[in-house]
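One chain comes next, on its own, written out as structure tokens in the form predicted on its own.
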């Protein structure tokens, strides 16, 4: 018998993370009533910059254990500019989770939302629908906490690319492209690198081309990171799935979010072979925290990704159906009901957007 009851580790974190998480849980409760056939049990897990300020521990081992045993992790946002570790770096338990749970595939969908004006004037911008796959456990981020400052004269960080992680990452990307092709997308994977300069990137591309040969039914091409930064502005509607190193993916996914209305519309998932975490791409946004104007859409769409992942992993069609309905509710709220969140110069706050989406689900 299929398991249709799932334990969700809920990590609201800091700032607007708390606000969009509460909105998201309300939407998920409405979804469970609407669809049926699955149940979500939440375990709230402490952590973040303010937890570090109050306790000296940003993410206790008990919190990590709760996240590790959960069926999925739902993450709001963590970090606060004024609260830092002694070495000056920010509090970021989400990075610790990626490394410790081996969440190697950072999945960042970039899709134009009906009714939300894209940043580009070209009418084809309404057709933007791509996914950035950011390797999330190595690359330049492998140097986190390991870089060195030599005699206050120079500083060094090291890029790490391994065959094992790259092969898994590329195979994931091709599987996603195949899935998207069945839904009418091109079925093309673009590797984004700097193989003309760095040996590590040349190796990254080499492994990509090897894995591309193992997926002959799908198109594969390559792009330099600087050219991609140009082409994501010039012709983003031509891309399908793009896969890249950790730091490059961090930058490109923010650029992509800017094309579709901003970070408030950008969901993400960090996927591994055994665990997965889902969170909006934005941060804790101290400048608007507590004002009730945070856009919860990225959080909602991240929850839809979580439901889709749970449905596919456990063979529970109700979860997949709920994911589809949630995406449609978001599209309907903005595209047909005229919802306009504050981050796109609208008058609707967090509660307004939440009510509109729940009304669509009803």
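Numbering follows the first chain given and starts at 1. The shown structure was predicted, so the numbers you read here are calculated from the model rather than taken from an experiment.
In what follows, reference is made to the form predicted together with adenosine-5'-triphosphate, a form of this protein that is not presented.
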Work out which of 285, 259, 195, 207 lies within 4.5 Å of adenosine-5'-triphosphate in the predicted bound form, going by heavy atoms.
285
Heavy atom within 4.5 Å of adenosine-5'-triphosphate in the predicted bound form: which of 264, 249, 93, 76?
264
If we define contact as a non-hydrogen atom of the residue within 4.5 angstroms of the partner, is residue 16 a contact of adenosine-5'-triphosphate in the predicted bound form?
yes
Any non-hydrogen atom of residue 302 within 4.5 angstroms of adenosine-5'-triphosphate in the predicted bound form:
no
Answer with yes or no whether residue 294 is in contact with adenosine-5'-triphosphate in the predicted bound form, where contact means some heavy atom within 4.5 Å.
yes
With the partner left out of view, is residue 343 within 4.5 angstroms of adenosine-5'-triphosphate in the predicted bound form by any non-hydrogen atom?
yes
Would you mind picking out the stretch of 277-285, 234-242, 162-170, 110-118 that comes within 4.5 angstroms of adenosine-5'-triphosphate in the predicted bound form, counting non-hydrogen atoms?
277-285
